[in-house]
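One chain comes next, on its own, written as structure tokens: the form predicted alone.
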């Protein structure tokens, strides 16, 4: 798969503060790439540099194998900061103004409004929109030029659960059109639901990069077991598919090999004459995995 964006040892300093440090990344065509990290990790600074809104202190990047010139940037749609719309103007009128500013045709206005579920509200004033609708209009604005790449900075920030779900659906729908999406977020669980690839930044450093599917497969299943038998921990350690056993209060927490579950563990214990009184499966979430990465890295 060809590379859409290549970043090579890019850094950004603000006086004595290094916001981004020697960052190297590649984003493949058609990927939904998540840039994850807590506030202050360098996500927005990175997006600002690759969009030409801020000059890197050192390093380089290219889009589609070319330098980030004006013509190349026309192939990119972005929401770096919350865009400003005229409160009293309708969505349609605001997008007509945006189209003139971007020097693109207004013919796609109905198309992009339909894409974000606002076509029926296109004549309503922007000030009557909910926060989620305003964010959807911002995505419509970024899609006016039919870009090959869409860049979103914290697209669900401040939204309620319904608004978050709506934005996620829109992102998936845009990705299905073959668009490449780069998404910055501090909500780690968000990436699990929409991204194909991701990296994690902390204090300007790249500390992890990989595919979401690979990370999901590497999460562990932990089973909490309780029984009247005082030697439960000893018996559990004898089971061939049990990896680790940890005593926590009245229960034992067990990590089993891939392909085994609580039912298999219970069945094996029954063959040993042990009757389980407590059995709960707890699978490590991708968010917990990401948080553990953040906690152990400098």
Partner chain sequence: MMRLLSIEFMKVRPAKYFWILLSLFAFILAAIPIGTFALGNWIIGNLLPADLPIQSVLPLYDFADIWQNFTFIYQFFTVLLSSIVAIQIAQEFSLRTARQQVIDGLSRKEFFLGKVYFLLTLAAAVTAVVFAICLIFGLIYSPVTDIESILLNIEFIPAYFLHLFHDFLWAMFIAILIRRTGIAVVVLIFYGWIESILHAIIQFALRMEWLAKMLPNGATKILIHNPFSKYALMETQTNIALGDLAISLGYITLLLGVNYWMIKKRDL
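Rigid core (definition): largest C-alpha set, two forms, superposition within 1.5 Å. Residue numbers count along the first chain shown, from 1. On a predicted model such as this, the values are computed, not experimentally measured, just so you know.
Unshown form predicted together with its partner chain; subsequent notes refer to it.
Just give me the single entry in 174, 164, 116, 78 that has a non-hydrogen atom within 4.5 angstroms of its partner chain in the model of the complex.
-> For this set of options, the contacting one is 78.
Within 4.5 Å of its partner chain in the model of the complex, heavy atoms considered, which of 30, 52, 38, 59?
-> When its partner chain is considered in the model of the complex, the option within 4.5 Å is 52.
From the candidate stretches 223 to 231, 203 to 211, 88 to 96, 189 to 197, select the single one in contact with its partner chain in the model of the complex, where contact means a heavy atom within 4.5 Å.
-> Only one stretch passes the 4.5 Å heavy-atom test: 88 to 96.
Within 4.5 Å of its partner chain in the model of the complex, do 247, 250 and 278 each have at least one heavy atom?
-> None of them does, since no heavy atom lies within 4.5 Å of the partner.
According to a 4.5 angstroms non-hydrogen atom cut-off, is residue 238 in contact with its partner chain in the model of the complex?
-> Residue 238: no contact with its partner chain in the model of the complex.
Would residue 103 sit within 4.5 Å of its partner chain in the model of the complex, counting heavy atoms only?
-> Yes, contact at 4.5 Å.
Taking the shortest heavy atom distance, is residue 12 within 4.5 Å of its partner chain in the model of the complex?
-> Answer yes; at least one heavy atom of residue 12 falls within 4.5 Å of its partner chain in the model of the complex.
Do residue 168 and its partner chain come within 4.5 Å of each other in the model of the complex, heavy atoms counted?
-> Although its partner chain is absent here, residue 168 would stay clear of it in the model of the complex, with no heavy atoms inside 4.5 Å.
Return yes or no for residue 125: a CA shift of at least 2 Å between the shown form and the other one, with the rigid core superposed?
-> Shift at residue 125: 2 Å or more after core fit.
When the two forms are laid on each other by their rigid core, does residue 90 show a Cα shift of 2 Å or more between the shown form and the other one?
-> Yes: residue 90 shifts by at least 2 Å between the shown form and the other one.
By the 2 angstroms cut-off, has the C-alpha of residue 160 moved between the shown form and the other one once the rigid core is superposed?
-> No, shifts by less than 2 Å.
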